[in-house]
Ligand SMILES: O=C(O)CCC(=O)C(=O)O
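There is one chain below, alone, in structure tokens, taken in the form predicted alone.
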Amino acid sequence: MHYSVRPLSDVMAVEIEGIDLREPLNAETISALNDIFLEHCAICFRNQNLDIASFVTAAKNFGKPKQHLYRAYRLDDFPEVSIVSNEDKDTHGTGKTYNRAAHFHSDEIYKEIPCKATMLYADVVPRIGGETRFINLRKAYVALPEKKKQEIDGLKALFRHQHSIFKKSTNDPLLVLPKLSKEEAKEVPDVIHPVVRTHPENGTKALFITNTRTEFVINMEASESEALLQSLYSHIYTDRFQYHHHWRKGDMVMWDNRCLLHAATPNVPDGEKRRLFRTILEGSRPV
């Protein structure tokens, strides 16, 4: 199968043209695409024309799709698919529309076994705005001074879905989470993960923290933990580790949650719509 591969930035991500994800992919092509994925952390398949069923079929080339925590966003006929929209509402809370996922995070980092990858297909895109921002945590780790790497290697932290930052009074629209149902809340008890994660497929190391899910470092005084985490966040959240994806209709983007953070950009103009199909792929326990 002939297809082209072109870098989207010098930080991460490539675009692939010449593959129709409605068609079956052979084992050789899937293996080659996985190698590209592992190297560049994100792939954008351009010019796709997918409905929900073909989106699920495409996802199964790369792993086993799983269901979203938030039941309100699951589709009845395809429960492993949810819809991401600028019209999403806080179903169990205020009932109002909110800026969903506008904070940097790694999907399911608050679960004992987080997903390995997220896949989004652009069904409806606005004329401008609605970008997805990414941070390369592998490059961020590599760029740390050796002394800092030695300091944090082996550390573990507590992660939770409802980080205390969300419970504080804030006017920051980027720090909004929907209220969980009782059933959903039972699925996300606090978990402990390494601060530095080793990739299960290629052995590379990446920081594995986010200021909206990482509560504190285990076995460390609160003030010391906060100082360490804030120093790492100051390092991570800089432009040099970021790529912003400007969606085109028909884009199908898959990214590696084991080494990237992502965030929606809540800048869709009034009257415009942004609608994407979403699924996540089963992962492994972080080490």
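Start at 1 and count along the sequence shown; that's the residue number. Quick caveat, the model's predicted, so the values are computed rather than measured.
The same protein also has a form predicted in complex with this ligand, omitted here; what follows describes it.
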Quick one: which of 102-110, 186-194, 199-207, 140-148 gets within 4.5 Å of this ligand in the predicted bound form, going by heavy atoms?
102-110
Single option in Ile152, Val84, Leu180, Leu158 placed near this ligand in the predicted bound form, where near means a heavy atom within 4.5 Å:
Val84
Between His262, His235, His40, Lys66, only one gets a heavy atom within 4.5 angstroms of this ligand in the predicted bound form; which residue is that?
His262
According to a 4.5 angstroms non-hydrogen atom cut-off, is Thr212 in contact with this ligand in the predicted bound form?
no
Check Leu120 for me: does it contact this ligand in the predicted bound form (non-hydrogen atoms, 4.5 angstroms)?
yes
Any chance Trp255 has a heavy atom within 4.5 Å of this ligand in the predicted bound form?
yes
Quick one: is Asn136 in contact with this ligand in the predicted bound form, heavy atoms, 4.5 Å cut-off?
no
